[in-house]
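In the block that follows, a single chain appears as structure tokens, in the form predicted alone.
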């Protein structure tokens, strides 16, 4: 790992890291707390070799939603993980740091119900107009049957 040194990442993140897991060479996972997300993203995009944010993925893990920010470097991928509680799924936006994140944040808002403070785009992005409030199809509690019943009432 020539350009993206794990020890250098740990030093630059200065204790904000909860966990670091190296899956294989040039594939790093870093877990941080909600309150450390923005500063961690700022630090990671300032590292030599930063290329772009590939995507943000989200997973319903039961009591929380886990978001994974996949950041591409010229020789590695760093996946930054953060969890938010399902009952109050709110994170700060990173669109001022990485403007292309706007579409990923909007998709996650539609499908998993995570709100991004500071993201001014709050209209539906992936789901159709008239989609019922509070129905987030990638959450485990929303089965296909429950979604069908809820949507059928509208159309």
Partner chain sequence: MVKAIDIPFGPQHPALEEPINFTFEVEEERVVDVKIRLGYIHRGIEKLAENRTYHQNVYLVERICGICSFAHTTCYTQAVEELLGVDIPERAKYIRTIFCEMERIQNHYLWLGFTAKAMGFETLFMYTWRDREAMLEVLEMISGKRVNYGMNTIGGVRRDITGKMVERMEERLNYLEERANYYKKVCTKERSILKRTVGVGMLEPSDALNLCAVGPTLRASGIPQDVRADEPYAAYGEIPFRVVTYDGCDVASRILVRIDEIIESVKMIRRALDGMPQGPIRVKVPKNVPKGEAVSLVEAPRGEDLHYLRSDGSDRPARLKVRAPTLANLPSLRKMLKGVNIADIPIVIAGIDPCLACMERVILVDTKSKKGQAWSGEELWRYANEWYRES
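Positions refer to the first chain, counted from 1. Because the structure is a prediction, the values reported are computed rather than measured.
The form predicted together with its partner chain is left out here; the points below concern that form.
**Student:** Report the residue, out of 35, 117, 48, 129, that has at least one non-hydrogen atom within 4.5 angstroms of its partner chain in the predicted bound form.
**Tutor:** Selected residue: 129.
**Student:** Is residue 44 close to its partner chain in the predicted bound form, meaning a heavy atom pair under 4.5 Å apart or at it?
**Tutor:** Result no; residue 44 lies far from its partner chain in the predicted bound form.
**Student:** Residue 17 near its partner chain in the predicted bound form, any heavy atom under 4.5 Å?
**Tutor:** Residue 17: no contact with its partner chain in the predicted bound form.
**Student:** Quick one: is residue 113 in contact with its partner chain in the predicted bound form, heavy atoms, 4.5 Å cut-off?
**Tutor:** Heavy-atom contact with its partner chain at 4.5 Å: absent for residue 113.
**Student:** Is there a heavy atom of residue 39 lying 4.5 Å or less from a heavy atom of its partner chain in the predicted bound form?
**Tutor:** Judged by the heavy-atom cut-off of 4.5 Å, residue 39 is well away from its partner chain in the predicted bound form.
**Student:** If you look in the predicted bound form, which residues in 39-70 sit within 4.5 Å of its partner chain (heavy atoms)?
**Tutor:** Heavy-atom contacts to its partner chain in the predicted bound form: 51, 52, 53, 54, 55, 56, 57, 58, 59, 61, 66, 68, 70.
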